[in-house]
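Below you will find one chain, with nothing else, as structure tokens; this is the form predicted on its own, and questions on how it binds or moves follow later.
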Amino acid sequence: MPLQFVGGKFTGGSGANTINVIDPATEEVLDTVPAGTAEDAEAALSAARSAFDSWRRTPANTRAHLLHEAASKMRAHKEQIVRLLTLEEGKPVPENDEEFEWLTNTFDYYAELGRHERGRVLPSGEYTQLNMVIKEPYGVALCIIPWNYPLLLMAWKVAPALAAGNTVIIKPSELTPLSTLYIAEHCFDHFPPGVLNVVTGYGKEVAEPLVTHPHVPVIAFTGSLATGQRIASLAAPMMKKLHLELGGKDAFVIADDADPQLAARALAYAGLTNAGQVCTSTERIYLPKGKARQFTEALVAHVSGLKLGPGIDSSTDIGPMIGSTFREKVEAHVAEAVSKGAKVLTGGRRPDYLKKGYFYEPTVITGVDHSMLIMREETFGPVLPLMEYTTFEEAIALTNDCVYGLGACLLTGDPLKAKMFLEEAKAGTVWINDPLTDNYAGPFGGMKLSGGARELGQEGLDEFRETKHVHWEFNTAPKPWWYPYGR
């Protein structure tokens, strides 16, 4: 059984309970991990606090070297990490190869960015003065990681937090803790004790005691809107720094000049990667009314040819969903849409040829509208709902008719449409002709109920630094405007 990583050592935790980690493709137990307690959370916090003063004073060049070393160790363990990630999370190996590249390159990116600057010098009001802006670490950063990209989204938080000089407590999802614990054992062991800590368990028992603790000043979380709102309500009385990346309901607009075959491949990738379990998955598709049939037929033909199966199988295109409750939500959204007149064109059921695993066939559904759950709430599954629009302006209005604003996609060769869309779409990331592609230097995050956090880029580093203005006067003589007045 993998153990928790606290203060540079592995421990079984203070409680007797454990959590079974399930392979979603087989429903078999892969391993067990400790079900952490508030006492375990306190131990991790004590270790992280003890390490903070030394770590924040560690030269940036030394921190950079340690981050690079972590990335190098990960590359030496790539085969084991990718296999473990595939078994516990479910998505196909090619997708986990991509996640692995993001994991390692993010550590390398922030290793360099972390020693690039610490603030700036301002023009002073007087010759005898110096004005500086200094960016400083907060202290202990609690990083609560989701199950759908357990290593990529860990790296997006942990790497900049460490580069900024914070110490870190990682709380991985109870569904996918194994790959994180493996990395802690083999790739984080060179960090000073307490700088990096991993505590497994459920949110209420492990995360909430840290969220409400006065010595945890910054909380980074990726997950559902409901959980993000709870974290915000618990943290609000202490005015903590919150880094919340929440849900999405991303739209994909197909312009009338797009090629149907190209559109089919782009839509399938954007909506079905990781079985649709991506915060930026395409969950709403808008097709031009005059050409909707061509786009629909091309999409159905393409999706119908995709292979469903275990992620570890090299021929698999789409793996299982992470668990039964998540699949049941997808089924409920599809059923509600059909009850209101929508039509399933392909998929829409559990595959009868796969007896085990949380599989759901990739689904194309048409005849939907914004009264249906499948077009309003986050579905988080392999479903592509199609809706027609008449004008491009209407397509943009439909894109913005949503409480979320994480991402939005457009496929077009028309630069005027592209410019209109990028300026009018209310989303943190706008993809034009290349859906769901990120850039290490480009900030990622949402608007509206998707949260205001930013990961990656300079913005991702600044999320873990607070700003201080220093006004330094070299002339120690009293100022003429000091008291007393008039004398």
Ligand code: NAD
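Residue positions are given as counts along the sequence shown, with the first one as 1. Computed from a predicted model, the values in this text were never measured in an experiment.
The following text describes the form predicted in complex with the ligand, which does not appear among the structures shown.
- Message: Among the candidate stretches 335 to 343, 117 to 125, 260 to 268, 243 to 251, which one is within 4.5 Å of the ligand in the predicted bound form when only heavy atoms are counted?
- Response: Comparing against the ligand in the predicted bound form, the contact stretch is 243 to 251.
- Query: Even though the ligand is not shown here, does residue 359 get within 4.5 Å of it in the predicted bound form, heavy atoms only?
  - Reply: Contact check for residue 359: no, nothing within 4.5 Å of the ligand in the predicted bound form.
- Task: Evaluate residue 222 for contact with the ligand in the predicted bound form, applying a 4.5 angstroms cut-off between non-hydrogen atoms, and reply yes or no.
- Result: Flag for residue 222 set to yes.
- Query: residue 204 near the ligand in the predicted bound form, any heavy atom under 4.5 Å?
  - Reply: Because a heavy atom of residue 204 falls inside 4.5 Å of the ligand in the predicted bound form, the answer is yes.
- Query: Would residue 215 sit within 4.5 Å of the ligand in the predicted bound form, counting heavy atoms only?
  - Reply: The answer is no: residue 215 has no heavy atom within 4.5 Å of the ligand.
- Message: Can you pick out, from 105, 227, 400, 304, the residue that has a heavy atom within 4.5 Å of the ligand in the predicted bound form?
- Response: If I apply the 4.5 Å criterion carefully, the residue I get is 227.
- Query: Can you pick the one in 282, 148, 96, 166 that has a heavy atom within 4.5 Å of the ligand in the predicted bound form?
  - Reply: Going through each option in turn, the one that passes is 148.
- Query: Check 326, 380 and 406: does every one of them have a heavy atom within 4.5 Å of the ligand in the predicted bound form?
  - Reply: Yes, all three are in contact.
- Item | Those residues of 168 to 187 which, in the predicted bound form, come within 4.5 Å of the ligand by heavy atom | The stretch 168 to 187, when checked against the ligand in the predicted bound form, contributes 171, 172, 173, 174 at the 4.5 Å heavy-atom cut-off.
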